[in-house]
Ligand SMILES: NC(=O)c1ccc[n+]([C@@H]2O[C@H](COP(=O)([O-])OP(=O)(O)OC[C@H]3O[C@@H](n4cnc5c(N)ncnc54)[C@H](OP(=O)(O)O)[C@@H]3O)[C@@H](O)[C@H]2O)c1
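Read the single chain below, which is given as structure tokens and is the form predicted alone.
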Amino acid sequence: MKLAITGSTGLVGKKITAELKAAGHQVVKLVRKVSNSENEFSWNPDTDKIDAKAFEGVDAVIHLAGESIASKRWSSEQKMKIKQSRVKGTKLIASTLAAMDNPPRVLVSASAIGFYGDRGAELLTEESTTGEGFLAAVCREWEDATRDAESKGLRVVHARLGVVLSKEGGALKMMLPPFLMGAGGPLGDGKQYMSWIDLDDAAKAFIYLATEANTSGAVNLVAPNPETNANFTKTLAKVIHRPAFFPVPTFGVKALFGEMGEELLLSSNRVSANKLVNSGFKFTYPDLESALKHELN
């Protein structure tokens, strides 16, 4: 197959690109820089510029691009960047596909489990209502931005991604240093649920949704076994043979990270993977210990 991808330089995008190429698929990249190969095309969501030739003959599009949500504290300016990079970019992709005579059949557009907001121990499915807070508002607009592609008749999937586990980046890379020094521990009261997914399974799920599945609409990209933060830190400590006796109190998280810390580290999301599993997807790392051993050992 021939697939187009945005965000190919990110943590998940690099893995997806490598896996697609290894499977013999042709990959077309949309890049913010000047394209320097026949399989690269320039686009700039900020100025609504895109080369529609990127999608000619393409079977499916995987759209991942967006400003990092955890690279810095959430100032008003940073929050605007996070929102606009997702909403404007997705609208541009969707409207470009809708204007084509023969568009790709599938658009798998990234979203996030932040859609649900802070929900305690409630088990959240794709049918659950949206929540409150900045991330929930971003995810709503992000998913709504695909409307043109849906109207054109494309199969559109909103891949609501959980916490991606990889030592190369994301939450796990940020958590490791204090744990390796023996100073790790739960965040806040540790009761908040973390719905995670191994990087390999995340990439495999995006490819599956683009190339094999028949499902559409929202799909939670999380492992079948969400864990509380307390259990997560306990398992991480066990895998790397370090103690986890130093909890970070709620006020400490808020002082260090502000609003970002509240929504990313203290918010509770207990998210179901049933729709993905029932569609036929097979996880390689369905439990936390096996995922952490794979990533860290």
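Start at 1 and count along the sequence shown; that's the residue number. In this text the structure is predicted, and so the values were computed from the model without any measurement.
One more form of this protein should be noted, the form predicted in complex with the named molecule, which is absent from this view; the next part is about it.
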Residue (of Ala136, Val164, Leu92, Val156) lying close to the named molecule in the model of the complex, criterion heavy atoms within 4.5 Å:
Val164
Which residue, Glu259, Asp51, Asp48, Glu67, has a heavy atom that falls within 4.5 Å of the named molecule in the model of the complex?
Glu67
Looking at 266 to 274, 58 to 66, 248 to 256, 227 to 235, which lies within 4.5 angstroms of the named molecule in the model of the complex, counting heavy atoms?
58 to 66
Heavy atom of Leu11 within 4.5 Å of the named molecule in the model of the complex:
yes
How about Ala110: is it within 4.5 Å of the named molecule in the model of the complex, going by heavy atoms?
yes
Using 4.5 Å between non-hydrogen atoms, is Ser216 touching the named molecule in the model of the complex?
no
Partner proximity in the model of the complex: Arg242 to the named molecule, non-hydrogen atom cutoff 4.5 Å
no
Between 126 to 156 and the named molecule in the model of the complex, list the residues on our side with a heavy atom within 4.5 Å.
Trp142
